[in-house]
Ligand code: ADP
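Only one chain is included here, represented as structure tokens and corresponding to the form predicted on its own.
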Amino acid sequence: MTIRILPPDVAAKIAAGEVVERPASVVKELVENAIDAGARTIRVEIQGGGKRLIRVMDDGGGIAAEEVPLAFARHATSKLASVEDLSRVMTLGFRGEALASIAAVSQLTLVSRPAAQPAATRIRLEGGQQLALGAAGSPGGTIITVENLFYNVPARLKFLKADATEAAHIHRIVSHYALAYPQIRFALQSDNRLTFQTNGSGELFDTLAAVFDLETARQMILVEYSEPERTGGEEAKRGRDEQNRNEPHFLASSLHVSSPPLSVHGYAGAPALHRGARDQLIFFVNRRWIQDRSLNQAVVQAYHTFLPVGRFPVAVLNIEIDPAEVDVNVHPTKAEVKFRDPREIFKAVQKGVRAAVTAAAPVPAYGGHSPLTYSFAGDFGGHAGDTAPWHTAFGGHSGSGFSQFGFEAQRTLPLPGAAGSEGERQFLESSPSQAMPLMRVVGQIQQMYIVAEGPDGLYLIDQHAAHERVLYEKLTAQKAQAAVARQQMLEPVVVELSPGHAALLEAEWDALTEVGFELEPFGGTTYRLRAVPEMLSRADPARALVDILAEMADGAIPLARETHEKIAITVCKRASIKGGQILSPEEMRELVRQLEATSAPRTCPHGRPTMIHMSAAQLAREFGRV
């Protein structure tokens, strides 16, 4: 094939594909531009999940009339002047690609007026081509309307999700930037309904209450951590001073501090506040929203011994650092950054959160008898190693060490598992014949694994994974007969969801109903829960629903073929026996008997093994008999 230069329209669409992944990408870029323009009020309107219409209105500085056409040229920006500026980026946007990329795959109209300009300027583009340019009437600021996104890229359009799912992603973008900039008034309107709003008071607590709910905000602990200022040269100091003069401080009036070379500020949840997924660990670097697995781990480690195994904290943290110490130009969507010293950032986040949480709740002594003061009711899920619920699935007692109302702190410590052992490597691979041999239950070890003897050696059965498989096949059979057992609430339970979870619930309403949930809207993002699947009848129904939505939003089950299957798997995970739960001999025998009766007893619905096998010959070798 001969080498040729791509036509401009093809090159523009390729470039747009890196910047504009979905409607939420458009909202992110436009909201960042509005923040960079000094807006105090930002309003976002969407229709059809943003596929049909996105409108972002702000009261920022606006664009001068003579610069409006230039704003849609590729690599045109007001935020960088030289290559040196790229090493010290102090704005959210800087590449000059966003407006050109958005215009290339949509029908776009911009109306903008600086305060000193008597009239606004209006420009209309389709597929990146300018159609109209002239004067218009408009208040100070900028209004950008994006219609029919991907109308000229049908291949990209067909990969977008349902309207409610795309709207949930937009909710996430707007709410996260509201947390980063509590002094800005944000509003989000979806299909002519106001779904999110902040008051712009500058108090992060007010924004937390709007993004989550008031009760969650009240359980958040203030985090304030600063490292001593290091000598970084006169140039670095001047850069920091300039940043402090030009940028409003994170948390505004909540935290009046000048930015040192490295500081961590924000809120982290009390140990009693935890979730089944990591989706509420939110990080900003110089108020730029980022995603970073290392920072996730730093916060999780800061809660060591405070949380039940398999549960995750809630945190909203901003890392203030010299812009020269972080590279923001390493990801097409600027969702990831690279730190010059990532270990130092990790330690600062861990120290800051740990200090705040420890001050609020001292670490209990290992092996002591003082119960943890934070308690909660109901079931919670996870894989083997999770703390047990306060009941057994077979109607028996929960065993010593567990009470109906709480648990001792030392029981939240991770239990050692068999991962990586020789026995696990000998796990019997799934085969066309999944039948199990008849087994004799011998006992239980580590309150997690059932020891059983088979005709061909020793079996260790993961009680949580095994029960998941049993419940999943039971629920699947009930669904096939359209007879899913459900438990009606004596009184409806009112559940207040975050905007993102509410949008996800609306998108998957039918699937949740099929597996046994019965809900009804109760205004805004609040719902009344009237019934739950029978297998969740002993759990806290509100917590179970929120955890299921959190796992779905986090993509915890990527291999599920369809949403109905994903929800069924998650429900079974919540309802099953957990690691750490003592079972009586009768309960163990009954669980093994039910597992033997399933069609695929060797794996749980997630694909994880339910058992490992050590043959008689291998046992003999290990003991030197052969």
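Throughout, we count residues from 1 along the sequence that is shown. Please read these numbers as outputs of a predicted model, since none were measured by experiment.
Another form exists, predicted together with this ligand; not displayed. Remarks below refer to it.
From the list 46-54, 592-600, 579-587, 62-70, the contact stretch for this ligand in the model of the complex under a 4.5 Å heavy atom rule is 62-70.
Using a 4.5 angstroms limit between non-hydrogen atoms, Leu99 touches this ligand in the model of the complex. The shortest heavy atom separation between Ala335 and this ligand in the model of the complex exceeds 4.5 Å. Contact annotation for Ser190: none of its heavy atoms lies within 4.5 Å of this ligand in the model of the complex.
Although the partner is absent here, Leu194 sits far enough away that none of its heavy atoms falls within 4.5 Å of this ligand in the model of the complex. This chain appears without its partner; in the model of the complex, the one residue of Ser175, Ser498, Asn318, Thr142 with a heavy atom within 4.5 Å of this ligand is Thr142. For the options Thr165, Ser226, Thr77, Thr525, the one in contact with this ligand in the model of the complex, meaning a heavy atom within 4.5 Å, is Thr77. Although the partner is absent from the chain shown here, Asn33, Ala37 and Asp58 each have a heavy atom within 4.5 Å of this ligand in the model of the complex.
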